[in-house]
Ligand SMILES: Nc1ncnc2c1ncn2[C@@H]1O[C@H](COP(=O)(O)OP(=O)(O)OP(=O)(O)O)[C@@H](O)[C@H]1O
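Just the one chain here, laid out as structure tokens, in the form predicted on its own.
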Amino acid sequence: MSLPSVPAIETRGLRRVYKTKPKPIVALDGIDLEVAPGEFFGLLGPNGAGKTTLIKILTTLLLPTTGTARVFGFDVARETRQIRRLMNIVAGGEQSGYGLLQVREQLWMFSQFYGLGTREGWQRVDELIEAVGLDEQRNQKVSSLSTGQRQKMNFARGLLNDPWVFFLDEPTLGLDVSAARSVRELVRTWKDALPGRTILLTTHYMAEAEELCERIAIVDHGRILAIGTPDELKHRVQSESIFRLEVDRLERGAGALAGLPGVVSASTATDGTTPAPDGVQTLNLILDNDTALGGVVTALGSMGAQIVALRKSEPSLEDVFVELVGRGFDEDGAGSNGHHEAVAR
């Protein structure tokens, strides 16, 4: 199956201004974005960065003030019907539906909204109930579902029309560790099942974006500050290679390594002469690039030192964010530390 020749998502000079008093609020300020068919793309930013506004425009729920936005070549302002046929959206904390209905009844009702025939609708509902792991809850009232079960049902609803582009707006917001992991696994399974399926994920959980997304745009105050793979973004804040080595019998100290090619600095966690009780010392190295490590290893061997452990220090996406906007997520009330456990595998 060949992928579409047009971008799955494309925006040019996209602006959205809310006319509020005493002065207008610029939610999006010239967004240029292109997402390829089949890509898992993430928008990472704090609350109020403009992520949800962008999602609303791309899903035809909100018109842009200026600029253009297209989904698989269809214009969001003029071709809303075509776009709605090939996309769907699931948001975190979503409370859609009727509590008195059973899960199966609720999903069938939405299948009719999406234009599925009666037989096709029931078949699709039963397939998705099984796919999202709600077999035991199929005849349970929606009002009695847990938060995680309700979000699984929302995912089943979002997949009823078999979308080509799936918009996920903070999909794990408020979920516990187990439920968040289950939702992410469901998303990956759906996307991998068919080439060309595209996902745009908005989140302020950095570890979630890094785990799921092939490329990420960091957004703040309605502007894209940087776009790239997680590794490319991290490289923006760390041009040198930082290594932490544990060695024994380092009799000549770290100073003997400082003059080697590619070594920016070398130091030990102690004073450089007194080894740890077990004879192992920690050596901190900053190198021009990874290739300089070979010369360090050779030099250590010639000194009779033995490497016990080696670890490369990597910056985090939070480091990238702080570098770009001058503050961390916690300062926006959208802390990431509390969610790192939820996205651990």
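Here the structure is a predicted model, which is why all the values come from computation and not from measurement. The numbering used is simple: start at 1 and walk along the sequence shown.
Beyond what is shown, the protein has a form predicted in complex with the ligand; the following relates to that form.
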Establish, in the predicted bound form, whether Asn154, Gly158 and Pro163 all lie within 4.5 Å of the ligand, using non-hydrogen atoms for the distance. no
The ligand: the contacting residue among Gly48, Pro315, Pro37, Gly67 in the predicted bound form [heavy atom, 4.5 Å]: Gly48
Candidate from Arg150, His204, Arg124, Arg184 lying within 4.5 Å of the ligand in the predicted bound form - any heavy atom: His204
Quick one: does Ala27 come within 4.5 Å of the ligand in the predicted bound form, counting heavy atoms only? yes
My question is simply whether Gln281 lines the interface with the ligand in the predicted bound form - judged by any non-hydrogen atom within 4.5 Å. no
Considering non-hydrogen atoms and a 4.5 Å limit, does the ligand approach Thr52 in the predicted bound form? yes
Examine Glu170 and determine whether its closest non-hydrogen atom to the ligand in the predicted bound form is within 4.5 angstroms. yes
Only one of these stretches, 315-323, 282-290, 301-309, 40-48, has heavy atoms within 4.5 Å of the ligand in the predicted bound form; which one is it? 40-48
